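Have a look below at one chain only, the form predicted on its own, in structure tokens format.
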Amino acid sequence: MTSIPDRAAAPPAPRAPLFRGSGMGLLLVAPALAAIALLYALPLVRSVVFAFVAEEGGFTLDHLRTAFELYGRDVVFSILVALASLALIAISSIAIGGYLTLGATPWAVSALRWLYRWPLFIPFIVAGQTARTFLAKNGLMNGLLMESGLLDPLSAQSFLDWRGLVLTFAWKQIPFVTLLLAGAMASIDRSSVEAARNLGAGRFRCLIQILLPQVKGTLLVGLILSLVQIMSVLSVPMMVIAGNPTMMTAMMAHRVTYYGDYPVANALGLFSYLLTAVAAWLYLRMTLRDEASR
């Protein structure tokens, strides 16, 4: 009597893909692509093109020349304020993120984790108004210092100048960069930090020599995004500082509102584009160099 050999179970037939081709995928992302094209890409291209178009329709550099002659100081002022703000943001974010990761006092870490995020939920226009009432000559800061006896009333001065801009931009963007940085530090393997601590290294040395080099890319991303925010905000410079020089965004709004001069305003915008483009190029270059050295 012969036995029939058991047949091996046949593998299940592969299922047909739910959506064949890329047509459905393109259809799903079409609304997002259309919004990006209409709200960001098209205005960007138009502003760049019309910065070089004369009234009669030909190519010209007169708009750039006019923008630099009239607002050259504002361009330099904007760059210096942005760099000072980014430096303060970087130092503060590294300090806060490092303490959240390496801090040895649980209640202090919990309090700091709870407090530093508040500015994330405050719009720039509210931050500008808060800075205006806090940093004025008769504002809250000087009032508290005079009440505590640390400041003579005759020595009180207003911080509604470049210092107010730097403090306001930094106060608003520090929580954002710290959130990115603290998350990146928390994801790092703690064995290297614990080994350094066992060998006698302090928390500051562990932060600078172990944690910071590993989260350098995250820090640069946060600073570039903060630079874009600083160069695009209009409410803060208009509320905090009155007079010249001021940020380029305020001068662009002034040129459009009072003169209807869009070409010169577009030419001013080119300086903002170039600054952010240089920052992005430096980041990409450093990232590619780090990847090549691995």
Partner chain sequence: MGGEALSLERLAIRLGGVQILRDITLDVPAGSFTCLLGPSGCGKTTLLRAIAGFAPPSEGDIRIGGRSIAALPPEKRETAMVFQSYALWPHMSVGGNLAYPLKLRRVPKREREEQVARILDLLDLPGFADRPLASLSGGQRQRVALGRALIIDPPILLLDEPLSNLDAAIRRNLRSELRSLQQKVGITTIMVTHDQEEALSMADTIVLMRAGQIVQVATPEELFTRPADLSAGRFLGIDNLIRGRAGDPLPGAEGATLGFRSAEARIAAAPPAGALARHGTVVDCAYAGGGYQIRLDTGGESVSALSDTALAPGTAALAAVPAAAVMAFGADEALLPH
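Positions refer to the first chain, counted from 1. Because the structure is predicted, anything quoted here is derived from the model rather than measured.
Missing here is the form predicted together with the partner chain; even so, the following discussion is about that form.
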property	result
Answer option from G72, P123, P106, P213, heavy atom within 4.5 Å of the partner chain in the model of the complex	P213
Of A95, A136, A201, L151, the one that lies within 4.5 Å of the partner chain in the model of the complex (heavy atoms)	A201
The partner chain contact in the model of the complex: L144, any heavy atom under 4.5 Å	no
4.5 Å heavy atom contact, R197 and the partner chain in the model of the complex	yes
Distance check, S187 to the partner chain in the model of the complex, heavy atom within 4.5 Å	no
Contact test in the model of the complex: S110 vs the partner chain, heavy atoms, 4.5 Å	no
Stretch in contact, per heavy atom within 4.5 angstroms of the partner chain in the model of the complex, of 202-210, 159-167, 219-227, 112-120	202-210
